[in-house]
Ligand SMILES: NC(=O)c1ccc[n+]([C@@H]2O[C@H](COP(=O)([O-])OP(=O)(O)OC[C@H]3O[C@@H](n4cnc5c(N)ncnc54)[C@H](OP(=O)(O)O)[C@@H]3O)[C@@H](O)[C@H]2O)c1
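Given as structure tokens, the chain that follows is alone and in the form predicted on its own.
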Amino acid sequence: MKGLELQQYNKNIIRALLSLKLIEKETPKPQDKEVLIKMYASPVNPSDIAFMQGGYNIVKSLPSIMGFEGAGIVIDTGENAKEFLGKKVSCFVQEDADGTWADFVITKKYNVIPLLDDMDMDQAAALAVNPFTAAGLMEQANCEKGTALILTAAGGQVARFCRDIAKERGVRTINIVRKDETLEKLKAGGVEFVLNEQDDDFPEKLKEISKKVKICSAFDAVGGELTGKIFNILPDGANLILYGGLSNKPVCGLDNLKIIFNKNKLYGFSLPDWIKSKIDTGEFYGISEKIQKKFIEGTFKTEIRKSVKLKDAINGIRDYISNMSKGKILLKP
């Protein structure tokens, strides 16, 4: 089998990319509760970029084949995973083992999501991370009909899914981007409130909007100074949930008095922990079917810019890094 292997972590993304090598190795055999998946496609995500830089919460022993999610067909299983044999699946791989940017991947059966018959495989490749992140975040949002939700990295996939769910619930969104191109695209698509965090008057504009609508929660994928700016305008009782660190900078600028007296909370969201909690309660597969049906009906859609072969992956990753908001790059064997 072939796979795209990371040789070493490097904070410099160019050097990290140079550390990627297309290697060949023996195809592994699944053990007791494992499945062997013949990969159809795997996306490039912000978490993959952070992982290459050694800045993600998941650390693997290197060298290791990259990729946290993807879709394919189960072609072999261990003794206690035979129920998945021959099934189309999406998967999420986070253990200290090879990932999904390969011809084949081994993973535990609890990392596998069986796909409905009508689920498109390109869409399934990016099913396991962003749609479930949006579902988990929206579950924790304290948002009633008519209130408003702040979304950072609003041109990204998670924010798009959150907007879709919020619209269904009658919740408005305040969308924060960092490029005028993305701002104009969202406005052209009918998004009501869109702000560019790079504008000099961004804090004033955000405060102005916050006076017009009742903010219920904020979802932040960026961190750094932006987190403080958003937290400091939240009304009493509204919470900020941090689920990413695209800025690569620590959270700063929080108003001490708001934390002490205004009953605002800042806390993190971990997708693996949320999924585990849903598996433990038996809710996960029901949630999965509901999400997949949204894709099949066309309510949900991951923007996919293009697909590239594994041998051309480095150029594809560079393309993705240059403009993440334009859509996903899929890596296909």
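Quick note: we count residues from 1 along the sequence shown, nothing fancier. Quantities reported herein were computed from a predicted structural model and do not represent experimental measurements.
Absent from the display: the form predicted in complex with the named molecule. The rest refers to it.
Contact annotation: of the candidates Y243, F193, F104, F202, the single residue with a non-hydrogen atom within 4.5 angstroms of the named molecule in the predicted complex is Y243. Out of the listed residues I73, V129, A97, L254, V129 is the one that sits within 4.5 Å of the named molecule in the predicted complex by at least one heavy atom. Using a 4.5 angstroms limit between non-hydrogen atoms, D122 is distant from the named molecule in the predicted complex. In the predicted complex, the named molecule sits within 4.5 Å of a heavy atom belonging to V222. The named molecule is not drawn, but in the predicted complex it has a heavy atom within 4.5 Å of N323. Contact between E197 and the named molecule in the predicted complex is found at the 4.5 Å heavy atom cutoff. Screening 207 to 215, 171 to 179, 107 to 115, 232 to 240 for residues having heavy atoms within 4.5 Å of the named molecule in the predicted complex returns a single hit, 171 to 179. Scanning 268 to 286 for heavy atoms within 4.5 Å of the named molecule in the predicted complex gives F269, S270, L271, P272 in sequence order.
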